[in-house]
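Given as structure tokens, the chain that follows is alone and in the form predicted on its own.
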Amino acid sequence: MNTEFGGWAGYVLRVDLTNNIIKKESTNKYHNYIGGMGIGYKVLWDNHKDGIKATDEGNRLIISAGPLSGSGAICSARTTITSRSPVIRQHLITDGHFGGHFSPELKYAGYDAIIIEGKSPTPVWLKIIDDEVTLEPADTIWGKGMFDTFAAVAKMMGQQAQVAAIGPAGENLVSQSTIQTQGGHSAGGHGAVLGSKQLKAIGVIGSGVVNVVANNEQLRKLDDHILGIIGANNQGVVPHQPQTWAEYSSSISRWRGGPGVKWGAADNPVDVGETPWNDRQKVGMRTSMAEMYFGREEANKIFKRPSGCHSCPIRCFCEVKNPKMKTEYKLPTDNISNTCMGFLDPWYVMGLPGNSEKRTDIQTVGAYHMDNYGVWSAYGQLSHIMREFITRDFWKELLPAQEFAAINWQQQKDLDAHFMEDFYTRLAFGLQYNGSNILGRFLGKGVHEFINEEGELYNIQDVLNGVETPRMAKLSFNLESDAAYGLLGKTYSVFLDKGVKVFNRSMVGGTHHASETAGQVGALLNTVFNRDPQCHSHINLVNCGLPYGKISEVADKMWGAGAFDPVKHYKPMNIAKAKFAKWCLVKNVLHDSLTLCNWMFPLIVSPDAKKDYQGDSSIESQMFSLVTGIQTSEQELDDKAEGILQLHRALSVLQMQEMDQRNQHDVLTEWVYDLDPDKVFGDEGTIKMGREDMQLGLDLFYAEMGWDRETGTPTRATLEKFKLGYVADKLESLGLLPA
């Protein structure tokens, strides 16, 4: 245990799979990088190698926790996974995250992070019981699905073991694969990295504690403060439907628990009833999100209870029981726990059907197969393409005739959830699936491997067969709706098709809370990271449910007048929006480093009318100070997080060997600007962006970040401000630092 400060466990495990060497290193040298994401980025910067792929032996993967995890601080059980990602063009660095109980257990075992390097000659799993750390043969679990792997490792170690694992998708080096832990918590994009290293799972049991410097009275006082301003998932602070105690309600709020909501599949069914903001016994009932995914009628039948992570009162996961999973779909269980994309991706694949028993079957059966195989979707990239190519009848053109005939398309058309098993099996097994499996092999890779600079599709069979100069797929826009955009008959491009939702042209990533949420702010957030930004800092304000006027007051106070426009009625870019975007990213990085839930924090609004719905943006620094004993202001902690964000940007420049981030990285796809052809940017009712306005947005955002206006790369002055002079020296030596 770290005895100098609270929070940090004190050690990092370095696991060399090639040589079967396991070492302990002090965490102290990473304190300036906080933890979590900060440790991951620092390790990858220090060990950078030019031009390697994510699945090369030389790539490293870091699983890390922050100083808050395991301390009992509210919502602090996130785990960050950092590595190069095969889903991203040039296999650039990304970080994924899962919740659950893994990172607290890792801390109790005495470790802040695990650095995985090299490649084992045979499949292994990593066993951690406090100081006893060994690599164990994985021949009995290699090939098993995720659920059986969790059970097998827990049986070998004991039921208290927390397990992170890959499924068959990761083993088969499918790019769209996850690392997952019990309860449906998954991190996307790095399953194949562990698969390439032949590391099937990590089991951990810790018997220690996380040292907290503050006393119980101080911690209880802060907990009381947080419980007085925390809302429901995504910091919804007003109920979804009117309740007698509430001044406001909003259909956008995830405060779903209320009259008429039932946990109908619980052993003793619960009628949730009203959920007053000041009734702390009902904090865990507020979110009750099943009806958001299944509709109230279906949710009231299948919802058992909400679940979630260690030290989190919000419970955003849905444990559901659908008896048909066993009786009709012959699965070994009729229970599934998940949230968000686990339920949504199968729904996307099947064409977004309305609430019904068929939709329930699709989402529960699909979630089971997706999780059991460890399949990821790059925030819907995979499933949007599947659906849109069905709509456009492209698969008949892209697949060999024999393979096309073997796929039961009628099941998809009939909304028959039996389609899910074959679909996700094709994805997870790639070349191991019987037959050509062009569909599964194509969707299982990153789209970037199949398109030219204009987003036009190559012949996917040529690409998969390694043809050096692949032919083009010769697909054309062919829907009547394409005519309104002047696209009918033109060469098909994923950059022009709003249905596949590729937002960042350079990274070919899926859109995630972008221009549909806060106009230029959301759009800017989707330019910076190398995958979808996973940033909810703005969502936790914009979707809180308060009236626009209230939200605007908070935004104006935080970042200046005009920071937040009404959704679908955007005004031109301004400095306040640039400050808002920077703040979102800094807080996002802070949370992924602490490791605190960015799906709840920051809490800058509250459900307390007596406080005029004001929250507190400084809670993170209060937590950090109490846990570590290092008195740190909000600004001081934000500065540390901004340093990590600067390091991320510099690492992207280094990995790309490209200083011109503005034109080679921060570029949006065409549909973002061409949406709604009967409207122009700024009209009410559209989320389309303006090309010139977005360039102004980059100018202002770069200025806030201290990045060179022409290239979007951090200047030496900026890097040195955040004690990253060694980064500036490296970039300058390679001609990658702005003059």
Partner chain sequence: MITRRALLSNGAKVAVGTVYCGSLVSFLTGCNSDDDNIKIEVLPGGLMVVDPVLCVGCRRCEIACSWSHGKSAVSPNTARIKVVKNLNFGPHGVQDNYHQQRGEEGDGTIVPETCRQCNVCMAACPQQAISIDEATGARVVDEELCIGCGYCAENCPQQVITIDKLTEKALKCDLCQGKPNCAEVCPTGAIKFYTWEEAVAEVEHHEKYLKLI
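Positions refer to the first chain, counted from 1. These numbers come from a predicted model, not from an experiment.
Although not depicted, the form predicted in complex with the partner chain is the subject of the following passage.
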Check all three, 161, 183 and 326, heavy atom within 4.5 Å of the partner chain in the model of the complex: yes
Residue among 330, 474, 220, 557 with a heavy atom within 4.5 Å of the partner chain in the model of the complex: 220
Sole residue of 154, 630, 667, 656 within 4.5 Å of the partner chain in the model of the complex, by heavy atom: 154
Touches the partner chain in the model of the complex: residue 66 (any heavy atom, 4.5 Å): no
Partner proximity in the model of the complex: residue 143 to the partner chain, non-hydrogen atom cutoff 4.5 Å: no
4.5 Å heavy atom contact, residue 96 and the partner chain in the model of the complex: no
Interface membership of residue 208, the partner chain in the model of the complex, 4.5 Å heavy atom rule: yes
Stretch from 245-253, 297-305, 539-547, 343-351 whose residues place a heavy atom within 4.5 Å of the partner chain in the model of the complex: 297-305
Contacts with the partner chain in the model of the complex - residues in 237-272 whose heavy atoms fall within 4.5 Å: 263, 266, 267, 268, 270
